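Below sits a lone chain in structure tokens, taken as the form predicted on its own.
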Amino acid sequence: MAHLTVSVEYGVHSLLWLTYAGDKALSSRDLADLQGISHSYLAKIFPKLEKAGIVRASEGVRGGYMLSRAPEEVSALQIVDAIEGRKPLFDCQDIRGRCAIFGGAPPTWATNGVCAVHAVMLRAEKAMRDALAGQSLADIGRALGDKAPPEFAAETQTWLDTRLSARVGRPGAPSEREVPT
């Protein structure tokens, strides 16, 4: 969790849109267009979410991605770990033993136990992971729902339905065996 990249933001927003879609699969292209983000960038995120069991792919003309679990069962931490991997917030280089005063032979008191700086970073990482683990996709969705006007859900559903109809009916639409991404 060294640095949360834009991938996390794109992934969380996309998962929120999947909650709006209900039992309809959305392609990563549709999700990218809906959000005004890069198709290719978003397409690289979904296999990670699928591998983590957060989404599942469905095949066919109406194919794409769907949540594989209820939004209440998906924590923000699971999303972050799926997209970014479980990287430490801080990579201690143990410089405390390199002090010039020690002349290359640091005393035990200087190197014994966990570095004080590293200890602070470990506590910060634990607090961050705990906070992320305590928030579900459903919690984030409720916060969005509290902010958005009531007609937003209907407008979103109309956009998604129109997009799905266009994808199914357009010339050159993917065959039944292709999974749109």
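So that the term is clear: the rigid core is the largest set of C-alpha atoms that superpose within 1.5 Å between two forms. Quantities reported herein were computed from a predicted structural model and do not represent experimental measurements. All residue numbers are counted from 1 along the displayed sequence.
Unshown form predicted together with a further copy of the same chain; subsequent notes refer to it.
A residue is said to contact a partner when one of its heavy atoms sits within 4.5 Å of a partner heavy atom; residue 76 meets this definition for a further copy of the same chain in the predicted complex. In the predicted complex, residue 147 approaches a further copy of the same chain with a heavy atom inside 4.5 Å. Contact annotation: residue 152 falls within 4.5 Å of a further copy of the same chain in the predicted complex, judged by heavy atom distances.
Using a 4.5 angstroms limit between non-hydrogen atoms, residue 45 is distant from a further copy of the same chain in the predicted complex.
When a further copy of the same chain is considered in the predicted complex, only one residue from 66, 138, 117, 52 comes within 4.5 Å through any heavy atom, namely 117. Along 117 to 135, these residues reach a heavy atom to within 4.5 Å of a further copy of the same chain in the predicted complex: 117, 120, 121, 123, 124, 127, 128, 131, 132, 135.
A movement of the C-alpha atom of residue 71 falling short of 2 angstroms is seen between the shown form and the other one when the two forms are aligned on their rigid core. With the core held fixed, residue 134 shows a CA shift below 2 Å between the shown form and the other one.
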